[in-house]
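Shown next as structure tokens: one chain only, the form predicted alone.
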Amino acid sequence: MTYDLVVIGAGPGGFDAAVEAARLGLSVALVEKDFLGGTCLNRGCIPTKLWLGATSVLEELHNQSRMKVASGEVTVDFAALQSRVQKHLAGTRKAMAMQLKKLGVELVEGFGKLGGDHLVTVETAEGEVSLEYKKLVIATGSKPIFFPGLEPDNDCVLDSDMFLSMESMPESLIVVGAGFIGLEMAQVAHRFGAKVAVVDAMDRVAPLEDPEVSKALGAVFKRWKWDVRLEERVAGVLTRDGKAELTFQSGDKLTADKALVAVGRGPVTQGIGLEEAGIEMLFNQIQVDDYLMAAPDIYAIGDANGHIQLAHAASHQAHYVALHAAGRTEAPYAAGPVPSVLYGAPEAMRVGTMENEAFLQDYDTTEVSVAQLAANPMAQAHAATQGFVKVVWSGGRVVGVTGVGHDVSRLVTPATLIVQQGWTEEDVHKTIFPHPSLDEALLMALTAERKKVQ
């Protein structure tokens, strides 16, 4: 049988591409060597959010106790939480498998690679299977990467996958890497009472965000008494005498029960026959054209093409390639503004252009307007008033929104629509914002006095 579409990888991008293509009437085979759902479901976004959700009450109680309006103690059973996580993941995978079966998608479990002209070979438990295709989608995702000397040993030095599978939370934790993965997991450890140290070679936490967001996050971590070491080069980290020992290039050392190495992720593109198929690679990322095509009849989406490492970006690309493969569109792929969120307490979100990226716009017309969360009734109600919402304007239109503070992830979808539509001052007053709500912080930022970007 020749399939209209074969997909390698069943993470958010691959699974959604298979489902969408099947709904469009294509015959589809989906190849997965591990679990349905990929990293996001099984070892990333979802387990981390279940951890953060289960422990959010601890932060809420702490905030209210600072206001002297509540007291008491909440104990989260880590073993029970881990059990719930696994049950949730298993249930989700079962539901995904049922959806594939209902749509007639052939799920082939095994390691897939390009095997020749319009052919994918899969090493399954029963032997090698060959799948012939008209179109192919490569959605192989990403994995943790490490600098020399920072490799995990699954003892006291862990990567994010190992950290999420722990049976108990350590009493002390070193986090190498102050990006979203490291900071979200560090917050969970903090809520369980761990002593946290964060190390990064950059000059600020969350270094890809607006510098004022990094400053606000840093102030919170300082209040929590985290040991944050910035602009520090790490020579290595290893297990010694039952502890994680980190050595700086200066010779200084840090020790803790565990060390989490979260310095980044890289695409899973090796050993699947890409180069042999004439697909161009750059730093292991598959190079694609404006139609997300890496070669004739071969698409690459999600983390594999290196455009942006976000599950929802992969899903958006998946929708497009399904339409393109089915002949429903001939237009090039257009991502539009891609939202990003750091979860926890505080949260950070952004979409579009940040203030420090004003050079990407017409600099002469770029302005910013800001609202402080201290003025928002919902932030006050939750005793979490640190933070702000910032709007970036260019040519009289909104080109970016950034926020940091209590629950600001709630603002990311309306912010994305506002940036996508390029709101003007007149557009702001065409929409009624509910009161009281956190959304009003976005309204206040949109209507606040604008200042020229310096």
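The model shown is predicted, which means the values in this text are computed figures rather than measured ones. Each residue number is its position in the shown sequence, starting from 1.
The same protein also has a form predicted together with another copy of the chain, omitted here; what follows describes it.
Of the heavy atoms in residue 380, some are within 4.5 Å of another copy of the chain in the predicted complex.
In the predicted complex, another copy of the chain sits within 4.5 Å of a heavy atom belonging to residue 407. Contact annotation: residue 73 falls within 4.5 Å of another copy of the chain in the predicted complex, judged by heavy atom distances. Although the partner is absent here, residue 398 lies well away from another copy of the chain in the predicted complex, with no heavy atom inside 4.5 Å. The candidate spot formed by 164, 168 and 306 lies out of contact with another copy of the chain in the predicted complex, as no residue has a heavy atom within 4.5 Å of it. Here is the short version: of 311, 114, 185, 371, the single residue with a heavy atom within 4.5 Å of another copy of the chain in the predicted complex is 311. Out of the listed residues 204, 319, 190, 265, 319 is the one that sits within 4.5 Å of another copy of the chain in the predicted complex by at least one heavy atom.
If you take 427-448 and check each residue for a heavy atom within 4.5 Å of another copy of the chain in the predicted complex, you get 429, 430, 431, 432, 433, 434, 435, 436, 437, 439, in sequence order.
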